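For reference, the chain that follows is the form predicted on its own, supplied as structure tokens.
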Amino acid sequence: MRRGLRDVLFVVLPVVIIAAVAPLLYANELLLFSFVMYLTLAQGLNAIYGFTGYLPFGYVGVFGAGAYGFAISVMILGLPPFAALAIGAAAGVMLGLLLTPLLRLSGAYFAIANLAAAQAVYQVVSNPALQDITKGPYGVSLSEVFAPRLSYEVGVAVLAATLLAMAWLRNSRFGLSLQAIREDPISAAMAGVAVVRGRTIAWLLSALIAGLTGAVFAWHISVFYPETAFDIGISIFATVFTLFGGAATLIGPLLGVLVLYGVYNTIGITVPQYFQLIYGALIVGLVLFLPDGLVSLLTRRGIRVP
């Protein structure tokens, strides 16, 4: 309990406060929203990968399901934004439930099958035959609910809730059982840990976070296409940020987003001709010298990392 409170006071609160006041100090709200979105997604992916070792390459699938759950709720059902957010979150969880049988696969097979499932959902959503429901490949317009400042604030609230959930997960018995599953599922099962159930709960929590984040994304930008909501780059970014900072920690994914996404936006604008070289060198260097992420610089010195 004491460790969890320390994580909240020294990690969660500062991050949420900075995100909340950032629009008062920096005018590019779309960029700030992207930071908030990736901070949330990296933590959501951390829930399944960092604690169970299962890496969902198709994580963008539940994100896109949340975005289209929100869009359809507004366009077809005429729901107000906050009710549509609930539908978007539910859409992410429902897709997660449909994909739970994949958790019986080993890690690499799960990752590939998850990616295939995300592509299947993309093909369904972008099908012209469904344009009366999803607008097919022609894009979604939600101008009637466009509210960038309010949706940004809701995104910060979702980030806060996600960080609190991860702080609890890190310091709870359930979180410890998930880490036991990650290290050795056979030994964990012999010790009485419900391996499949643990993976399932972690995956559904991860899907809930991604689905809700996708719904807030749809609300914030209000105009998007299937290839935007199901862009595989979203999965890649969330994965790289988590690995770069350090999985199974609270602060690791935060560091990964702040460093790599900051570099991505800075170098991509100032010296785009060297962007791929510098960005790739950063990632390769980390894999070679810090395979456990940036946080390993602290843990090697005996410093407890939240």
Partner chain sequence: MLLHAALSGLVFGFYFTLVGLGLNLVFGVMRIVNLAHGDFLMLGAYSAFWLFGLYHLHPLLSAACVLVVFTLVGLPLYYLVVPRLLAARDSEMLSLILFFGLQQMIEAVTSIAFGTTERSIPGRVLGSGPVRLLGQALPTSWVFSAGVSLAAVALVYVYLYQTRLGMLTRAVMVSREEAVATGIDLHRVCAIAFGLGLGLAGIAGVFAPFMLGSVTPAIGPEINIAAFAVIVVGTLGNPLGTVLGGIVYGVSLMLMQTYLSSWANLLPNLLLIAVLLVRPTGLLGRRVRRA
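Please read all numbers here as calculations on a predicted model, not as lab measurements. Numbering follows the first chain given and starts at 1.
The protein also exists as the form predicted together with its partner chain; that form is not presented, and the subsequent description refers to it.
- Proximity to its partner chain in the predicted bound form holds for none of Phe51, Ala86 and Ala90, with the criterion being a heavy atom within 4.5 Å.
- In terms of contact with its partner chain in the predicted bound form, the residue from Leu102, Leu205, Ala157, Val145 that brings a heavy atom within 4.5 Å is Leu102.
- Distance criterion of 4.5 Å from any heavy atom to its partner chain in the predicted bound form singles out Ala113 from the list Ala165, Ile201, Leu79, Ala113.
- The closest heavy atom approach of Ala47 to its partner chain in the predicted bound form falls outside 4.5 Å.
- Though the partner is left out of this view, Phe10 does not reach within 4.5 Å of its partner chain in the predicted bound form, counting heavy atoms only.
- Interface membership of Leu254, defined by any non-hydrogen atom within 4.5 Å of its partner chain in the predicted bound form, is ruled out.
- Shown alone here, Asp132 lies farther than 4.5 Å from its partner chain in the predicted bound form, counting heavy atoms only.
- Just one listed stretch, out of 123-131, 71-79, 157-165, 208-216, contacts its partner chain in the predicted bound form at the 4.5 Å heavy atom level, and that stretch is 123-131.
- In the predicted bound form, the residues of 52-78 lying within 4.5 Å of its partner chain by at least one heavy atom are, in order, Leu55, Phe57.
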